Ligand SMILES: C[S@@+](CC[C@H](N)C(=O)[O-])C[C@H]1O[C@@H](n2cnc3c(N)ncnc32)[C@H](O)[C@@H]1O
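Next up: a single chain in structure tokens, the form predicted on its own.
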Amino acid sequence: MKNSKRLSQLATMVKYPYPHIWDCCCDHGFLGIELLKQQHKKVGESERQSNIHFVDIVPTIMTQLSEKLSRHFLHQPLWHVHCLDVASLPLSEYPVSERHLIIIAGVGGELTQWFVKAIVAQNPQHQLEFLLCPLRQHYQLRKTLSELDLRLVDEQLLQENKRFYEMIHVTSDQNYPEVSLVGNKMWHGSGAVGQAYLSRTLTHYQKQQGQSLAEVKAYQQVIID
């Protein structure tokens, strides 16, 4: 089955090596499977392989996924299936020196905020990176990332099936720039897609009858080049 444009783009944003990559709220595991395929192509290269962790809270989905992975990746042992709440990732089981890339995609911004807050609070000594692609509430999520002092690695804007997606890659490494509340890098060269997304976003906040004045003013400052 061919991956969606969104999942394919997320996969390209994963820059190896990471000792651990967590595909959270993974559903049927399409993104994590794509990452396993990418690693399979690199067998024999000097680049270190990543442990790919599949995480979802629905037991039936994870049982089916485990069976699928056992059939197709039997000789590729670096995958792990976890049926648990994303807020309870067992990162403490691994050395603090090992970096973790935690991918959370396909859920709302409010739930994404909750997951990120919980993971950061429970693992203050770990080297954490998050690749996030929420369905809604991007401004509020970015505000939370800023409050947590997570820094921006990359961000991209994508349109698929009349829906817009912000893909935000952040890190606990303080050597990176701060996260913009309305985005920065993702607008550069975004063209018609950026214009359409900005217009839709402004219209959304302007309809909030004065409750989102800060958001409206912030997005009015966006320049698309």
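Start at 1 and count along the sequence shown; that's the residue number. Values in this document were obtained by computation on a predicted structure and should not be read as measured data.
One more form of this protein exists, namely the form predicted in complex with this ligand; it is left out here, but the text below deals with it.
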Checked W79, F115, Y139, F130 for heavy atoms within 4.5 Å of this ligand in the predicted bound form; positive is F115
The listed residue (L152, L145, A105, L101) that reaches within 4.5 Å of this ligand in the predicted bound form by any heavy atom is A105
Subject >> Non-hydrogen atom within 4.5 Å of this ligand in the predicted bound form for each of V14, R48 and I119 >> reply: no
Assert contact_stretch over 92-100, 67-75, 106-114, 122-130 against this ligand in the predicted bound form, heavy atom within 4.5 Å, equals 106-114
Given that the partner is absent here, does L181 sit within 4.5 Å of this ligand in the predicted bound form, heavy atoms only? no
message = Even though the partner isn't displayed, in the predicted bound form is D27 close enough to this ligand, meaning a heavy atom within 4.5 Å?
response = yes
- Message: Considering non-hydrogen atoms and a 4.5 Å limit, does this ligand approach A218 in the predicted bound form?
- Response: no
Next on the checklist: When the contact criterion is heavy atoms within 4.5 Å, does V58 count as touching this ligand in the predicted bound form?
Outcome noted: yes
Near this ligand in the predicted bound form, with a heavy atom at 4.5 Å or closer, the residues from 71-103 are L84, D85, V86
